[in-house]
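Only one chain is given next, in structure tokens, and it is the form predicted alone.
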């Protein structure tokens, strides 16, 4: 493994275990078995390292989400496909998923929030786009695409946080995805 990858992996482990603010550069280089100048050579700063970690994980997540979230005239099916990918990516990368969610809820002036915010905004834009494209399908949309997108993201994220907290042994992504979308659709149709 090259130095850059080693530092990324060690920092990811530490940030996920302790949180971004609780980890110092010295602790990262000690775990990676390298030096501060090496870390600064690749990432320029601890914040640059955080940005690289987020880009590695969340960048792939956004690419996958954008690919599957294409509205094709069937809102429940588009939401199901989107939900399924969301669940799959979170389960494949549980630690990183939980870490990025924690960053979303960090203080607004914190470096960690600044690093995650563009990805959070892009995720929301992808979901909003689904509802904008489906506005003719839902009579009660009436300019509430942002609200519907937030509700959909909320139900999926809350389920995942709950799932990881109670430690269910296995999840059927297809079944849970269908159930979450059915529950969400019931709420917006009523």
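Positions refer to the first chain, counted from 1. Fair warning: this is a prediction, and the values are worked out from it, not measured in the lab.
Unshown form predicted together with a further copy of the same chain; subsequent notes refer to it.
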Only one of 135, 150, 45, 38 comes within 4.5 Å of a further copy of the same chain in the predicted complex by heavy atoms, so just point that one out. 150
Within 4.5 Å of a further copy of the same chain in the predicted complex, counting heavy atoms only, one of 63-71, 49-57, 155-163, 126-134 shows up; tell me which. 155-163
Mark residue 182 yes when one of its heavy atoms lies within 4.5 Å of a heavy atom of a further copy of the same chain in the predicted complex, and no otherwise. yes
Taking heavy atoms only, is residue 176 within 4.5 angstroms of a further copy of the same chain in the predicted complex? no
Considering only heavy atoms, tell me if residue 102 and a further copy of the same chain come within 4.5 Å of each other in the predicted complex. yes
Touches a further copy of the same chain in the predicted complex: residue 10 (any heavy atom, 4.5 Å): no
Within 4.5 Å of a further copy of the same chain in the predicted complex, which residues of 14-47 have a heavy atom? Give them in sequence order, or say none. 15, 16, 17, 18, 19, 21, 22
